[in-house]
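Just the one chain here, laid out as C-alpha cells, in the form predicted on its own.
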C-alpha cells in the first residue's frame, strides 16, 4: 500500500482530504493528514469581530467535524521534511513515509519580524485582526476608544486575503460613523503597494472610495520599525506616521518546518509550478493554498479552485500521466464597504477584475466592481457555504477556471488589460 500524506488541516488541507478520500482507492492508498490544532477557524470572519458583527463562536468549529469518519489523523507538530528520503519527521519523534506529499500548512502572522511591533504597546494600542486573539482584543478596545489617529498598516506583501485591510478601513469608517464619533477619528491606510490594491483596475475603484470616505492613503510605505515611545511607524527610508491606535497586518510567513526542510523561499512559501501546483524541486511534493508561492491571492477562494486542479493532477501523477490540469490563478473576493454593502471582484493570473455580473450573465445576482447590498449578503452567506460545502469537498455549480461570462470586456480590451 502506498502513502499519501497531507500536512495541515486548515482550509486547503481539509478540502484535499475530502476530495482525495472520494477519489483514491483505499485498497491501494493510505491517506494521512497531520495537524496539531483541534479547532478550525473561519478566518474571513476575524474581520467582523472587532466591530461586533461576529463573535468567537461564529468562527470556530472542531476540525474533526469535517474529516471523513475513518480519517488517519496524526495530531503532532511537524519538525522536518526530508524530501530526498520521502519522509516527514514529527516533533514527537515519529517518522512518516510518503509516496506523495501535499503541503497545506498555510501561512502565519510573524509580528516578531518587525522591530518594535511586539513592544510595550502590543495589544494595548497596537493590534492585529488576522489572529483570533488579536481580533477579540481589538473588539474590546473599540468598545471604549473615543477617537484619535487610527492607522491601518500592511507591513509587507504577500499577505492572506489582500482585500481584508481595505475592508477593515471601510468597516471602521462605518463603525465610528454609527457611534457618532467619525469626526473624531482620522483614518490612514498605509501600504507598501504603489496604490490601494494589488490589481490596478480594482485599486482605481477602491482608491476613489477611500477618498469619498475621507480615508487618507499612504502608498509605497515600507515599514521598518515601530517607535513605541513616540507612537510612530517608521519606514526604511525614515518616513514617519503618527498613530494613537495602530491596526497592523504583520509579515506573513509559511510554517517554520518549511525553512528547516529547505523547501521554501525567504518567507517559507513553497515554490511550485503555478499551473500544476507541483513542487519545483521535488516531483512527489505538491503545495496548495497559502503555503505555496503562486502569484495569486492567499485566499480561501483560490484554495478552493486550486483544490479541484490539484486533485486531478494527483490522479494524473499516480497514473503516470502528464499533469494536464492547469490552474489559472482564479480568485473571487467580496469586499465589505460598510453600511451593509460590499463589492465583488473576480480575476486570475492574467485577467484584471472587470465590471459585470457574477456568476450568471445579465442575471448575477452579484455585481462585479460595484457596491451593492446583494454582494454584502453574499459575503455573509459564504460562511454557511464554507462550513457545509467547501470544507467537505463538495462541488459548487462553477468550475475552477475563471469565466468571462457576464463581464463587460470592451473597455478592458481597449486598455490592454486582457
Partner chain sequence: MSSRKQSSQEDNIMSTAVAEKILLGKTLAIDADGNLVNISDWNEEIAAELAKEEGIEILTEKHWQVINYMRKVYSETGDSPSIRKLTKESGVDTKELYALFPKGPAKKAARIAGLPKPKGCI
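Numbering follows the first chain given and starts at 1. Quick caveat: nothing in here was measured; it's all calculated off a predicted structure.
What comes next is about the form predicted in complex with the partner chain, which does not appear here.
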request  = Name the single residue among 343, 243, 327, 286 that comes within 4.5 Å of the partner chain in the predicted complex, judging by heavy atoms.
outcome  = 327
ask   = Pick from 339, 87, 239, 141: which residue has any heavy atom within 4.5 angstroms of the partner chain in the predicted complex?
value = 239
ask   = Which among 265-273, 97-105, 126-134, 74-82 is in contact with the partner chain in the predicted complex, heavy atoms within 4.5 angstroms?
value = 265-273
ask   = Can we say 39, 43 and 69 each have a non-hydrogen atom within 4.5 Å of the partner chain in the predicted complex?
value = no
ask   = Heavy atom to heavy atom, is residue 309 within 4.5 Å of the partner chain in the predicted complex?
value = yes
ask   = Would residue 91 count as a contact of the partner chain in the predicted complex, using a 4.5 angstroms cut-off between non-hydrogen atoms?
value = no
Contact test in the predicted complex: residue 305 vs the partner chain, heavy atoms, 4.5 Å = yes
message = I'd like to check something about residue 120: if you look in the predicted complex, is any of its heavy atoms closer than or equal to 4.5 Å to a heavy atom of the partner chain?
response = no
note = Near the partner chain in the predicted complex, with a heavy atom at 4.5 Å or closer, the residues from 211-232 are 220, 222
